[in-house]
Every structure is written in C-alpha cells, then in structure tokens.
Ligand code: RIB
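Listed next as structure tokens is one chain, alone, in the form predicted alone.
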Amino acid sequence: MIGVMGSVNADLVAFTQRFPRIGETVHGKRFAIYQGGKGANQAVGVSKLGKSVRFLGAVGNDVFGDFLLKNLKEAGVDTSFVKVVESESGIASIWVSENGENSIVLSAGANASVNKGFLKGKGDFFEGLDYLLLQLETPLSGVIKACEMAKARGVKVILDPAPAEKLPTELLEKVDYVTPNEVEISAISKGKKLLERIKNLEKAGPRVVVKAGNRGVYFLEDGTLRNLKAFSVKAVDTTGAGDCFNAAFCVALSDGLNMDKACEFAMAAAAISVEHKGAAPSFPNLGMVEEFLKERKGEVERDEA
C-alpha cells in the first residue's frame, strides 16, 4: 500500500499561443478544469499504475471540494482520510503556452490546514503503508510530523521538495528519497555544481534524484554522478509531469526495481504524460508504460555526468 499526503487543487487551465506581458490581454484557445495539486496528482498517478493508494489532505466546503473528492474516488484513490474544512478549496490558475510550457498561480485554500495539528489522531493512515509520498504545497510542520509518524512505522518516505524552501535537518534525516528539479536543488542545497549539491544533500541522509526535464535525470551511484537521458517526445503540456514521475518512481521502487530502472520507468511515464493535456488526466496506466518501454527499448543513454 502506498500513501500520499499533500495538496489537492482545482486546476483552472487556459491554453494560449503565448503568455501575456504585464498589462496585456491575449486570446485563449481553450479552457478546462482539472483535478490537480501535487499530492492528489501523485495519488492518482499511483492508482493508474495499479497500486492501492490512500490520500491524506483537505478540501473546502464548496463546489470545487465536491468536484475534487469525486475525481479522486473515480480514479481509485481511497479518500477516507480527506477532510472537508470550512474554507475554499485549493485553486491553481494555470496558463499553458503553445509549446507546452506552463505558468501557475497557486492559492492554498484548504491545503493550508494540513499542518502538524491536522495529523493528530491520524495514526491509522500510516498503518500498513510501504511508501509515503510527500510534497511542500502543504505546511512544513505537517510534512515533518508525517515523516515522524511514517518512520516510526517503518514506512519509506519520498519527498518532492516543491515549491522549494529550505529543508530542516530534522526532516531530511527521516526522508529516504528527495526528488528536486534543477531549480529546486539550487534552492535547497549548497554547491556551485550539481554534483556538489547532490552530495551535500545526501549528507543529511536521503538519496537524491534530480529531474532535469528533456535532459533526463541525475543521481549518484557509488560516488559517481550518473545521467539517464530523457525519452524524445513532443510535449503538449508539461503540467504535472514531475508528479507523474514521482508516482511512477514510487511504484517502481515498491516493485523492487533499483534506482536506474526505477528512474527509467518514471521517465517513461512522465514522457507519456507530456504528450497530452492536463495533469492527472494525462497520466498513463501500467500497460501504457510497459508498451512504451517495449517500443523504446535501448533508447535511454546512460552516461557519467
């Protein structure tokens, strides 16, 4: 069983040829509302890949809260631990350009309530879990407490440090894997070069996987910086690709794959996701990833960076 604690948002997505400049209005090509939030995205990603998953988080007592709960349940996510609070639901206002890039304004709403106090009496959530996925779109105090509760039960923890903020040692020493992108690792670890940043972060305890978009991923293996090259695909919408990666990475690790193979599996899932619009709706199922890997066998180059 995999657990996910984190944010759940309604993604209000406008597709446009290009982003507007300050003070400018541009025409949108299309508008859509999706279930989003890094936590909920990762939970849906895990479920689509065939693993049982339960989610811990909060939605508001509004129309978006009803929409979000419905979508999570339909995706096969156990929502028994999702609380409806007296607040608006989390909202992400997203622009997606013609080349697939995105720009996001996030309003936390109910997600702001998922703090240390929120976890009081929630011990049952962690029972029977093999892995716990966490992110930073909910208060840090809750993330730290969740790590403590997970580690007390022998649960392995994967942290997606986004949005990036300085991570205390008390958190890092309880985390098994940290998966920043290149911007995020610059914010959370010291060092002039990527190798230094990864080594400094791993001194605190976790293994580090750096997501580098179309350059693939970077990680340390026996002290050597390794780079797995990304699959070549035409990106339509990159929203949620990092969440798709984390979900697939967790699934692969839970199936016993090593770091190299888990990263390859996760890159394949993320590559499929960026070929379609939306975040969680674009995530592939297990059969799609297995077929993709079969068709692209041997494509991933493995280099020392």
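What you see is a predicted model; the values in this text were computed from it and never measured. Each residue number is its position in the shown sequence, starting from 1.
Not pictured, yet referred to below: the form predicted in complex with alpha-D-ribofuranose (RIB).
- By the 4.5 Å heavy atom rule, the three marked residues 92, 104 and 240 all count as contacting alpha-D-ribofuranose (RIB) in the predicted bound form.
- Taking the partner from elsewhere, residue 36 is found to have a heavy atom lying within 4.5 Å of alpha-D-ribofuranose (RIB) in the predicted bound form.
- Of the heavy atoms in residue 269, none are within 4.5 Å of alpha-D-ribofuranose (RIB) in the predicted bound form.
- Residue contact check for residue 247: none of its heavy atoms lie within 4.5 Å of alpha-D-ribofuranose (RIB) in the predicted bound form.
- Although the partner is absent from this view, residue 279 contacts alpha-D-ribofuranose (RIB) in the predicted bound form, with a non-hydrogen atom inside 4.5 angstroms.
- In short, of 121 to 129, 92 to 100, 201 to 209, 167 to 175 it is 92 to 100 that has heavy atoms within 4.5 Å of alpha-D-ribofuranose (RIB) in the predicted bound form.
- Taking alpha-D-ribofuranose (RIB) as positioned in the predicted bound form, the only residue of 117 to 142 that brings a heavy atom within 4.5 Å of it is 137.
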